[in-house]
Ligand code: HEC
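Quick setup: one chain, the form predicted alone, written in structure tokens, and binding and motion questions come after.
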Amino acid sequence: MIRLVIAAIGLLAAGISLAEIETQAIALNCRNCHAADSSEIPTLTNLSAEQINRMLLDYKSDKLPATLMPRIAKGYSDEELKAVADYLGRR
């Protein structure tokens, strides 16, 4: 926990906003499951920010069926989902 606080302070000192730090933290959680080497969970590689955002919003509104993603997406605002999609789309 202390390392996380120190890292966050360092990022803030480097001019990265708290919102960007939060977005990166959420996106890293996405990468945990959606790694390029997973055979069961689709990868996010080669998806645009627009594609990722559309899918997240569709999960959130139950337009896209899944077991876990609708529950995850509903925990975030549309703005937070867009920020995460933009971040993931740049990677």
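Quantities reported herein were computed from a predicted structural model and do not represent experimental measurements. Start at 1 with the first residue shown and count on from there.
What follows is about the form predicted together with the ligand, which we do not show.
**Student:** Indicate whether the ligand has at least one heavy atom within 4.5 Å of a heavy atom of Ser61 in the model of the complex.
**Tutor:** No.
**Student:** Is Ser77 close to the ligand in the model of the complex, meaning a heavy atom pair under 4.5 Å apart or at it?
**Tutor:** No, no contact at 4.5 Å.
**Student:** Does the ligand get within 4.5 angstroms of any non-hydrogen atom of Ile16 in the model of the complex?
**Tutor:** It does not: once the ligand is placed as it appears in the model of the complex, Ile16 has no heavy atom within 4.5 Å of it.
**Student:** Report yes if any heavy atom of Leu68 sits within 4.5 Å of a heavy atom of the ligand in the model of the complex; otherwise report no.
**Tutor:** Yes, Leu68 lies within 4.5 Å of the ligand in the model of the complex.
**Student:** What residues, if any, in 71 to 91 have a non-hydrogen atom within 4.5 angstroms of the ligand in the model of the complex?
**Tutor:** Residues within 4.5 Å: Ile72, Tyr76, Val84, Leu88.
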